[in-house]
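One chain follows as structure tokens, the form predicted alone.
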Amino acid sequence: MYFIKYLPAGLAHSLAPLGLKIYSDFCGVEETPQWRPFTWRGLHFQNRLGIAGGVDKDGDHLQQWMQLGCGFAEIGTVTPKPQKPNPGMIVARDWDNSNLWNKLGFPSSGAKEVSINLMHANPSIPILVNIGKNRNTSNALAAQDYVECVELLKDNADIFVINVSSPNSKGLRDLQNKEYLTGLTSAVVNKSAQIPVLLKLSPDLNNHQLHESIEAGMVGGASGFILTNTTTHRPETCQFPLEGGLAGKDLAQKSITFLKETLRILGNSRKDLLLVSVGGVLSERDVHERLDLGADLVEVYSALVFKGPGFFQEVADSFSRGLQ
């Protein structure tokens, strides 16, 4: 798989599904590795590491992720109607600093097609479905798109994730404001019935904004939070464009800070809420650290690029031997 390092980022992105299929067929596991098993609201996680939203946007590679040892999978972002990626360059990598950049902008086959994919996959692991609005839908009408996604996907989702934090869809992050967020969350929660709903938040919120977003989500009925999406912050030496989102090593500290601050904000209200940490998780120690800090689950994206798809098994091995 490391030959992909020498390919242009766009080509590597296109070939990744083929590489994933080959690797999982030859190096996959027969059963999901069990370490620190966890049950939340009737959902059983045999282990606490899964793929982040954006890795498998249409849910058409679930068999491969299960073969590789995922404890769960976040699919999407899914939009109600199909849409293409943003025009121009949409992915880039910085191998020296273990950072990724993307400006994908919710490319999706649409909720109907994703629902079919999930039904055919018949997954044996919990499935989180990350939902968003189509780019030509105004924020004033955004709730309709999110609710439509829930209606089309509710038979195949264990948890819904409201994505209001991607920097790649113009104006989307405005939906994190309390003026929008409580109503949006409430609309999705009411339509999802018994399916829990999480909010995925931006790492670029200040402390006051984070507090308001968490409070608004709680009032709307959210059952937890995913911390965090990609960042518009750029390190001094970064060569990535200013548009789009950065993931990887230079997102790690922001993600950790948000996890700690969210736990502080929630206090005693944290009980029974699901907290998922993602961003800059690049090693087995990073997974251990996020769980020790208080996350229930951990997701990876960048590690799959810089460490390869064997990362899930490496983490499982670290728990079986006891990481020192």
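Keep in mind it's a predicted model, so treat the numbers as computed, not measured. From 1 onward, residues are counted along the sequence shown.
There is another form of the same protein, the form predicted in complex with a small molecule; it is not shown, and what comes next is about it.
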Discussion item. Give me the residue from Phe225, Phe72, Phe160, Phe106 that has a heavy atom within 4.5 Å of the small molecule in the predicted complex.
Written reply: Phe106
Worksheet, complete the sentence: Students should find that, of Ser202, Asn130, Ser213, Thr185, the residue having a non-hydrogen atom no more than 4.5 angstroms from the small molecule in the predicted complex is Asn130
Worksheet item: Within 4.5 Å of the small molecule in the predicted complex: all of Ala52, Leu100 and Leu251, by heavy atom?
Response: yes
Discussion item. So if I measure heavy atom distances to the small molecule in the predicted complex, which of the stretches 116 to 124, 188 to 196, 141 to 149, 240 to 248 falls within 4.5 Å?
Written reply: 240 to 248
Item to complete: Classify Gly59 as contacting or not contacting the small molecule in the predicted complex by the rule of any non-hydrogen atom within 4.5 angstroms, answering yes or no.
Response: no
Worksheet item: Taking the shortest heavy atom distance, is Val278 within 4.5 Å of the small molecule in the predicted complex?
Response: yes
Discussion item. Can you tell me if Val315 lies within 4.5 angstroms of the small molecule in the predicted complex, counting non-hydrogen atoms only?
Written reply: no
Discussion item. Contact with the small molecule in the predicted complex for Val91, defined as at least one heavy atom pair within 4.5 Å: yes or no?
Written reply: yes
